[in-house]
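Quick heads-up: it's one chain on its own, the form predicted on its own, in structure tokens.
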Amino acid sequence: MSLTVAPPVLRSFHSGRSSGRPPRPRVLMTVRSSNTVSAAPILIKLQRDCATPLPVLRHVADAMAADMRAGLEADGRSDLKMILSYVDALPTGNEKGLFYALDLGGTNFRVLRVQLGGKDEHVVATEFEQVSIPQELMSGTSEELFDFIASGLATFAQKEAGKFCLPQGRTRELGFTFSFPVKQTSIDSGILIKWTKGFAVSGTAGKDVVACLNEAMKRQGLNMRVSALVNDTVGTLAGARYWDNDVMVAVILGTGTNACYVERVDAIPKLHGPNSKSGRMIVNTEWGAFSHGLPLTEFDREMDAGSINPGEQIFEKTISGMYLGEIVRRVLLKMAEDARLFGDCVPEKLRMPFSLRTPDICAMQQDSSKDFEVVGSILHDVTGVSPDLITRKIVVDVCDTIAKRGGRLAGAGIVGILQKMEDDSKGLVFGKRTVVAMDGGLYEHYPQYRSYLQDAVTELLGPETSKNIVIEHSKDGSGIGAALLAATNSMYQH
């Protein structure tokens, strides 16, 4: 029996076991689930606890809008941090010249250059490279890490040729995507709050990360400066806005999740200092921390209690790719323990946290074969047994229940952002075309999740209003978005 369980691209939203599997001989031992009837009450309760009817969606959307307002009043007033990006000038398409981007957010960093040709030529050419960060630098000194990054940038810059042209006498300008907690103080400065994602670099906390990078580039003799510090969600909005002036919101749904949007500065009471020239600014919601009115189950609470950040990031733990597969695993473990779903013995592999990944549940939901062969293969990998057809169908129902709740809640969150913008602009959002730019592997590769998200938006807004709200995939827009923000904040005239 030769199977292709999931396309390799699914790995982009959750790392781990390979999505493709070699041919597997048909396993003779099959679990005959005479006990699937006793698993039914667990499934029914799960579906009831995860239900997202319209009143629940409306409550979540309203609570999201209320939390946004509270977070804009003052820091600490809301679960949502509502971080000011200081991005008040968005790409228009008129930008010209050569610009660079650096994306640092994990064990690799990516460098990119783009040649912009203005309204007539737009993006003339792009190039990028990815560089792995040695493990020892992730726990070394600040100077060592930034010198390594600046050295990679310098090597990349030396390969400038062909369509990439820096006018004589100019300094290269860089958009810096930095996906760690920072307190941004201007478009080109931000104080590191703390390292996350396995980094424990000494000597950086409390320092301006832009100054750290600029100094390292100077030590390398590299003629380049940071002109914009952004996070990946802000970069996604900027990248999408370059091609479409109606983009007002950006959402990332991948391993984690976040959203940002274009806000009026007169609706940001906590903003102090010089007013924005445009009267608008991108606000980074950090919506993963939202928690009000969410339909949670015993499995969510157990997972949260055992996490490294209990009580935090509840919305993210309900809707993002890091967690959907783990929630399904916990449900199946209970069914195995209480209803003997996989036979008399509980499979030891099923007890291992995160052994079932979100790409796996996505692949199982897309299995259209008559006897759910893909489902059987994945479950064999995870449990070590080959369950019968009835059990496979129950597992698919569990996957669908968790994905449906996640997609619909994400849709309600989007409507909450749009509703807040609509209320403050007195009808200028829903009455015209408004685009939500989406990025992230979960959204890109999980069609059922995408469909559930869109359904929730349509249900909440109604058929007429929802026609004006366009939810578009903006693949990998954050990298070029950072370069575009370097262009819009250039010290040179375009």
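Residues carry their position along the shown sequence, with the first being 1. A quick note: this is a predicted structure, and the numbers were derived from the prediction, not measured. Here, rigid core means the biggest group of C-alpha atoms that superpose within 1.5 Å across both forms.
Unshown form predicted together with beta-D-glucopyranose; subsequent notes refer to it.
Here the chain stands by itself, but in the predicted complex one stretch of 89 to 97, 232 to 240, 167 to 175, 331 to 339, 232 to 240, has heavy atoms within 4.5 Å of beta-D-glucopyranose. For the candidate set Glu316, Asp188, Glu326, Glu263, a heavy atom within 4.5 Å of beta-D-glucopyranose in the predicted complex is found for exactly one residue, namely Glu316.
Contact with beta-D-glucopyranose in the predicted complex, defined as a heavy atom within 4.5 Å, holds for exactly one of Pro181, Gly152, Gly343, Pro295, namely Pro181.
beta-D-glucopyranose in the predicted complex is approached by Thr257, whose closest heavy atom lies within 4.5 angstroms of it. Mapping the unseen interface onto this chain, Thr196 counts among the residues with a heavy atom inside 4.5 Å of beta-D-glucopyranose in the predicted complex.
When beta-D-glucopyranose is considered in the predicted complex, Ile252 lines it closely, a heavy atom lying within 4.5 Å.
Contacts of stretch 278 to 305 with beta-D-glucopyranose in the predicted complex, defined by any heavy atom lying within 4.5 Å, are made by Glu286 alone. Phe342: CA moves less than 2 Å between the shown form and the other one after rigid-core fitting. Once both forms are fitted on their core, the CA shift for Gly254 between the shown form and the other one remains under 2 Å. Core-superposed comparison between the shown form and the other one: CA of Gln419 displaced by less than 2 Å.
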